[in-house]
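Starting off, we have a lone chain in the form predicted on its own, written out as structure tokens.
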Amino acid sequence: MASIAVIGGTGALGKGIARRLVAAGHQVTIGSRSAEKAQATADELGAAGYAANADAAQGKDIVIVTVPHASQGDTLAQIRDRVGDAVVVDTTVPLVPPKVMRVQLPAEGSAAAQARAHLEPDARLVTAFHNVSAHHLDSDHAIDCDVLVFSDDVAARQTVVDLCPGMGLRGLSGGALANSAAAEALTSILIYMNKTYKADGAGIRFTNLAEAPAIP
């Protein structure tokens, strides 16, 4: 089992991811700007521990960053010198309130490109978990949704794909980091679908993939 820090682990997405990682048997540390909130979340989930974001990222196998787009740069700057050779998973979607149902990718092309600029050049950056509802993750029920995983580091990408089955999800390689823009954009479309079709956390599922992992 892996040692994993969930940065922003007291937020909705971070808590949901952490819950499923703990249930899968991983050693999870909750990272947060608030020690009080981090401790409360760690106690609730049965996580291994809690710490400030930078300290939580130190010495881990995997560091998962789950913060809003507005906090992405500052958060990555905090952990930049702490992650070492860990796989860094950025979940950021560039939503721009109040028009969150409209695709508004940044000038760099994606939040993934922005994350790349904030980390060391050799950081093992992966992006994933853009299109999974936080409240579904923060539950025990099965989730009818695939997780697309992007990275230029093929081994790091596979590490995150392999992490998904224990979380009750099917992870699929989405290719290079540049392709992350498609999943980031799709989030706004899913928010639109939720409102238009009164869905409770719409997701995506890829079909006719003969050699893909089985659906949990």
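Start at 1 with the first residue shown and count on from there. What you are looking at is a predicted structure, and each value in this text was computed from that prediction instead of being measured.
FYI, the form predicted in complex with another copy of the chain isn't displayed, but the following is about it.
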Item to check | Stretch in contact in the model of the complex with another copy of the chain, which is absent here, among 66 to 74, 50 to 58, 26 to 34, 185 to 193 (heavy atoms within 4.5 Å) | outcome: 185 to 193
Item to check | Partner proximity in the model of the complex: M101 to another copy of the chain, non-hydrogen atom cutoff 4.5 Å | outcome: yes
Next on the checklist: Whether L105 contacts another copy of the chain in the model of the complex should be assessed with a 4.5 Å heavy atom distance threshold; does it?
Outcome noted: yes
Next on the checklist: When the contact criterion is heavy atoms within 4.5 Å, does G166 count as touching another copy of the chain in the model of the complex?
Outcome noted: no
Next on the checklist: Is H136 part of the interface with another copy of the chain in the model of the complex - any heavy atom within 4.5 Å?
Outcome noted: yes
Checklist entry - Though another copy of the chain is not shown, can you say which of A42, A181, A156, I62 has a heavy atom within 4.5 Å of it in the model of the complex? => result A181
Checklist entry - Does anything in 29 to 53 come within 4.5 Å of another copy of the chain in the model of the complex by heavy atoms, and if so which residues, in order? => result none
